[in-house]
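This document starts with one chain, in the form predicted alone, laid out as structure tokens.
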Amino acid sequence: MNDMHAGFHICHEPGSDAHAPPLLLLHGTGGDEHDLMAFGRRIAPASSLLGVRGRLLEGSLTRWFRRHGEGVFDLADMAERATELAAFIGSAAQRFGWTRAPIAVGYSNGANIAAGLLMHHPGVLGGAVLMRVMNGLSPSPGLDLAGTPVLLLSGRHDPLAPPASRALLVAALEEAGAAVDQQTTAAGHGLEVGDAEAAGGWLAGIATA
């Protein structure tokens, strides 16, 4: 179903198991609400899926927040957009009848805004799959992510998401109590088959934990 909700373009696909965690699918730069739907169904066959389109345009490219250059984020704008997205998630949960917080599945720019949600809006997400993520917002004071499962999927040959940036994010998440799993696939910045296999296995594991 293609629709608008709370000012965002969305694509919703119901799940077959009401107990399966819903997935919030967040595209990379230039993408839209459809980009990760097939990926989401592959990794979570029974889950409700909600693809969402970022509202910022950089030229003709959709994004989740502004940047000053490649890898240089506008952190004030990132924080504001994360707050908007957090409010949207609460509204979407009511509309679609979610009984548990969604798992964010974000790629690149979408992974970065998902990390911003974790850092500033704990509890909005039930966990996150962060694919090709970079460090962004610093954690809010007293951040408590106790037990929140987070998977980082990195590409071994990714030129855009350096290990040092990921290390800062992992340290902040772990200090806040998140259960962080890091995996590296034989990929660059783009997604490959190994990412779906890793994400699907991880989701199956947390669903039975």
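One rule holds for the numbers: they count along the sequence shown, beginning at 1. This structure is a prediction, so every number in the text was calculated from the model and none was measured.
A second form of this protein, the form predicted in complex with D-malate (MLT), is not displayed here; the remarks below concern that form.
- Stretch 62 to 70 is the contacting one of 32 to 40, 174 to 182, 62 to 70, 47 to 55, since its residues have non-hydrogen atoms within 4.5 Å of D-malate (MLT) in the model of the complex.
- Among residues of the shown chain, Leu160 is one whose heavy atoms approach D-malate (MLT) to within 4.5 Å in the model of the complex.
- Contact annotation for Met134: at least one heavy atom lies within 4.5 Å of D-malate (MLT) in the model of the complex.
- Annotation for 97 to 136: interface residues with D-malate (MLT) in the model of the complex are Ser108, Asn109, Asn112, Met134 [heavy atom within 4.5 Å].
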